[in-house]
Structures are given as structure tokens and as C-alpha cells.
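Starting off, we have a lone chain in the form predicted alone, written out as C-alpha cells.
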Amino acid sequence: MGIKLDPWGHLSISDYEKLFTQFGIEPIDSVIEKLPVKHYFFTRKIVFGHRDMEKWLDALKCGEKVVVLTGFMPSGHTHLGHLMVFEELKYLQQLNAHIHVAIADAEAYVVRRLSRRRAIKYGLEYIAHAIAWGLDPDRTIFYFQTNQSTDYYRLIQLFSRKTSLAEMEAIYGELSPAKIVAALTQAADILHPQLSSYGGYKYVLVPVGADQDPHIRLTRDIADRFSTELGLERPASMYHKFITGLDGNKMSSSRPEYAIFLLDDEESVKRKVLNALTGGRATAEEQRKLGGQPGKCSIYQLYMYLLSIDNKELLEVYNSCTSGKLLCGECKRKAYEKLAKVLSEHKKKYKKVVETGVLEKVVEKPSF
């Protein structure tokens, strides 16, 4: 059975290997050696696949105008899943790539049906967290979809001419008018940096979760159709695995009990971590005998994605689990202590970003 990728859904993906054969995503192995600086997201295959990333890296190496474009739909508070993207952006910025970050407030309004006021509030929160995590505000363009200029919005209208409803339904499944407009707006987000009025970046890289690949495929086809008329080139993309929610499904703002939010208080973090789904056995005796199953464990994912950057430390956690030496209760307590420290330091930086008025300098807030 094939995998259905839903960019607006909440289900996680269990078999990433199928994405290579079903959708033509390339394994990340082919570009790891081209990275000027290695990051554990790549060596651990957290970033597992790509489309044309080698072309983008070659352009970066040659000093061409390259840009990274990604976006966030501000449908809730910022959680660890968003933090993964902040980390990717920080890494790519350290490679001297230009960074553009879209806040998809229009999409949140039409698809998630959030109020304009709430979408803007969440969007500003995302930007503050991104800066607090280390994204340089002086070298990053943040924008809200509803604040863009005529050139950007013109693309949405033009793209609709060379896109059919049958094609979009084949990519997305059942569609509403709101989702059709949202998908074409995403294409404008990805391709507009190539316009001369937005910098003329012909090499665009889009880091996203695998569920967003439908947008990438549609956008690459649109770029082909407008290569002569507008001079557009296919964007490259790279795909990361989801950090799962604490129940094993995709971490989502709409499921707050199973997500770790960056502004959660310590008691909430502790409660969520201690109640999380693990790969433990039915009893402590059975686990000591058979060992745990880290591949099924949301707590082990916290170590892999965030808490154990050192490979030796991660391997120790893995071996202690699979040998039965480390039981789930102790493992959860250690994870909570590490996570609480990370979030405490981040909150201090976030508070400084908010209180020093950085947001007013880096992004124009849409009117209500």
C-alpha cells in the first residue's frame, strides 16, 4: 500500500524508505560528502532525503546566489518539531546561505480557520523563538504572507493558469477552494525569491518535513511551466523525519498533551515526559531480560534529535536500553532533566528577544 502525504494532516510516517520509490525522493547519502561542515542531523539520517540538493550545494560552493526558503503555518504555540527546522536554518546560515522564513498566516486563516489576530500572534512567537535559537536576524528575511508585495501575489494568479484541478487532486486528494489557494500561495513562497524584485536567487533550497513534499512536487512542475515566461528554476529540497509526539504520532500544536512546547513550564514538561510512550516491555523483569526497543520510543527520539548531540553518549543510551540495563522510568527522568535545562536556557534568550524589541526591527506585523 502506498503512503499518502498530507501537508495539512497530523499522522506520522512510519516507513521513510517507501518515499524513495513512491515519490522519487533521493537518499541524503548522495550529498553528505558535499557538505562543507557535517551536522548530526545528516549523519544520523534525521535529514534523510532530498531533491536536487547537490546542485544547490555546488552553487553555494561556487559563490552563486543561493537562498534557503522555509515556512511555518502559525496554528499554535512553537514546539520541538519547529525547533528542528530552526536548527537546520541555523546550520545552513552558518554555511553562508541567505535565509528567508515565511509565516503562512494566510494559510492558517483559510485552512486552519484561525483568526487573523491569533495567526499573527503565533507567527511573531515563531520568529522570536527562531532568533533565540541562534538564527541571525540581520541575515534573515522574515515575512508574513499577507504583507507581501504585488509581484508575489501576481505569481499566485499566474500559476493558476498552468495548473489543473485534476493535477492538484492527484497530488493532494480532496480539495477545498481554501486549500487550492494555499497550495498556489506556497508555490509563490518557494519561487518568489527568484524574481529580481526579491533578490534574483536562482538556487532555492526548501527544508521541510516529508509531509510537505506535495507542495514541493507541485512547485517544481510550476517552475518548469514558467521557465521561459518568468525564468523560474526548479527548487531543491531536503526532508527531515518527524520528531514524534509523545504518543507516537506526529508532534502537532493541535495535540498539546503530546507535544513539548518551548514555553511549557517545568511541571508540564515533566508530566508529559513521564507519561510518554516508550519502547519498553510490559514489565521491568521482561525488559531486563529482553531489553527495550528504542526504535519505538518517543523518549529515545528526544535523545537522538536534541538531547545527545555526542554520538558516544547516544550510543550509550541505546546500548543501555537494548541490554535491559536502563529501564524506562530512569531513562525518562534523565531525559526530563536534560530537556528542562535546554528549555530553561532557551527561554532566557527568548525573553531577551521579546523584551529588547528585536521583532519590531526584523518583520513588519500585518494589520488586522
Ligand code: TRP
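Worth saying up front: this structure is predicted, and the values here are computed from it rather than measured. The first residue of the sequence shown is number 1, and the count goes up from there.
One more form of this protein, predicted together with ligand TRP, exists but is not displayed; see below.
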- Message: So ligand TRP isn't shown here. In the predicted complex, which residue out of 159, 72, 122, 144 has a non-hydrogen atom within 4.5 Å of it?
- Response: 72
- Query: Using a 4.5 Å cut on heavy atoms, which of 244, 186, 78, 140 is close to ligand TRP in the predicted complex?
  - Reply: 186
- Does at least one non-hydrogen atom of residue 238 fall within 4.5 angstroms of ligand TRP in the predicted complex? no
- Can you check whether residue 97 is within 4.5 Å of ligand TRP in the predicted complex, heavy atom basis? no
- Item | Non-hydrogen atom contact residue 212 with ligand TRP in the predicted complex at 4.5 angstroms | yes
- Message: Residue-level question: is residue 128 within 4.5 Å of ligand TRP in the predicted complex, judged on heavy atoms?
- Response: no
- Segment that reaches ligand TRP in the predicted complex - one of 202-210, 222-230, 129-137, 160-168, heavy atoms within 4.5 Å: 202-210
- Message: Can you confirm whether 47, 83 and 87, the three residues that make up this candidate site, all sit within 4.5 Å of ligand TRP in the predicted complex, judged by heavy atoms?
- Response: no
